[in-house]
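Listed next as structure tokens is one chain, alone, in the form predicted on its own.
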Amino acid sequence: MSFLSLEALLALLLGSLYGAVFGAIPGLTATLAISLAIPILLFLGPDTALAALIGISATAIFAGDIGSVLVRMPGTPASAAYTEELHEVARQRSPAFALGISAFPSAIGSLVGLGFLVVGSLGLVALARQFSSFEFFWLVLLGIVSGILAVPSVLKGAIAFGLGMLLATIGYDPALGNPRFTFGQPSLLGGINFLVALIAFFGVSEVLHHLLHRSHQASHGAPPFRMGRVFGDYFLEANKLCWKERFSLLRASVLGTFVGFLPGAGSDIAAWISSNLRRMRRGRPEQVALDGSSANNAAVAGAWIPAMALGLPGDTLTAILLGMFLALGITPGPELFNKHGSLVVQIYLAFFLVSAIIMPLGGYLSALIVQSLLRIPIRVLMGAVLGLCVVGAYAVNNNPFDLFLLAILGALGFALRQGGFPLGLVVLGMVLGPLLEQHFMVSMIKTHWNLWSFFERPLALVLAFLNLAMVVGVLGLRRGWWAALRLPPEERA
């Protein structure tokens, strides 16, 4: 069966629509979407099933930005990296423009990742195999440092990140297996689910914010709906900005691909690192959103590199993918390229069609829908958002206790927002905090608590130097050290 058959194209289209729905609703992730689809996909042929999988994974990651544009609530964890900026762009310009600078960079990032997937798989995987727990520790720390230094107040950023990392320590210690901070509550032994916290911090806190300010507006104040304006903002204005920022988009896409193919990294870390680096350069909100969304989707294709070339999962999605390969009687790795060359080509074509056609057109359809939703009275819309928060939080584990956590963390997020603390860094602490602890403990245990081992490997030493250079460079720019060094000696005093 050829990939261009009606069955495969229909599977790609339906998979994309299915993934977009799951990505746009908080709590329903791409991983959940694929997990629910597997019982059906197993009865399809390999090319049809893989086409549907690619459509689901690619569009679910992009669709997470729709909630950010509409009500400042990310649909996926990776979208949380630039939710604030994307929502600000939607308020200042238009939702169509905001979705345009999300969809087209996402497509570009996915195409760049596809390019590396086609021509550079084996070379990039060889580099990734050099990473041990020491290199991963410094890489995760680089993402943390860039996030804290990117906010206006480093102190508030550090406090917000520390709070997120503290919340992530609740439950069993991953290294020693001891329960921590559970206060005798059995429901906390598994820790606080990240998706429940994400919905609480960005969803419930947003609803509480609107209730406090008692907005009596009939709507969001959106301009009258005109399809011509939506088309112009989405296609013309957004593409004009993408062309202007083309070199930055390329850098973010390459970075996202690199982070994506590192085992255990994925699109979440790629989006955080890329958007934080642009914040550190004092980028405008639309520039931060461009870099974050391009790295976000480039990491999706990047995660397929080790999965196809070596049979090693780059993230949760590709771990499920490997299971699908084996269930369909296909062994990932060199055998995949030797015995199933036509299937590999079909995978490449599926990525290309999703990136170049389905994702931009899906974004335009989303822009039309969002523009219509903005006419709904804001109190009605916030009520619907709160309902989705409750349903999404409960759907994660089907555990009523998560609803209590939703209320408590939502109130905490509202208090932090009122105090000017960046909620994104709380989420960053919950994402990267456990990874930092895990790689640190693994490194310490296997070296018998020798701290110098973090500096003994050449690649680890390079990453450590990058962390130090970033701290010194950014703090130096903020405090004017470099400007002072350029002054004549008699003027420095």
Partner chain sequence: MSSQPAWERAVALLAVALGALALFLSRSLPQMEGGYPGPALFPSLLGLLLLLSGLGLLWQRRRARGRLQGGEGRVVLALLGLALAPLLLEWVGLSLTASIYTLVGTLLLGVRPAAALTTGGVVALLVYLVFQRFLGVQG
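As the structure is a prediction and not an experimental result, all values here were calculated from the model. Take the two forms, find the largest set of C-alpha atoms that superpose within 1.5 Å, and that set is the rigid core. Numbering follows the first chain given and starts at 1.
Here the subject shifts to the form predicted together with the partner chain, a form of this protein not shown in this document.
When you look in the predicted complex, the only residue of Ile357, Ala327, Leu155, Val345 with a non-hydrogen atom within 4.5 Å of the partner chain is Leu155. This chain lacks the partner; the member of Leu236, Val119, Leu365, Val380 within 4.5 angstroms of the partner chain in the predicted complex by a non-hydrogen atom is Val380. Considering the partner chain in the predicted complex, the lone stretch of 294-302, 409-417, 81-89, 268-276 in range is 409-417 [heavy atom distance within 4.5 Å].
Using a 4.5 angstroms limit between non-hydrogen atoms, Phe421 touches the partner chain in the predicted complex.
The closest non-hydrogen atom of Arg246 lies beyond 4.5 Å of the partner chain in the predicted complex. None of the heavy atoms of Leu189 is located within 4.5 Å of the partner chain in the predicted complex. When the partner chain is considered in the predicted complex, Leu111 lies well away from it, no heavy atom lying within 4.5 Å. Although the partner chain is omitted here, in the predicted complex none of Phe22, Leu336 and Leu349 has a heavy atom within 4.5 Å of it.
Contacts to the partner chain in the predicted complex (heavy atom within 4.5 Å) from stretch 267-303: none. With the core held fixed between the shown form and the other one, Ala238 has its Cα displaced by under 2 Å. Positional change of Arg251 between the shown form and the other one stays under 2 Å at the C-alpha, relative to the superposed core. Relative to the superposed core, Gly433 undergoes a C-alpha shift of no less than 2 Å between the shown form and the other one. Compared with the form shown here, the C-alpha atoms of Phe201 and Gly19 sit at least 3 Å closer together in the predicted complex.
Relative to this conformation, an increase of 3 Å or more in the Cα-Cα distance between Phe201 and Pro105 is found in the predicted complex.
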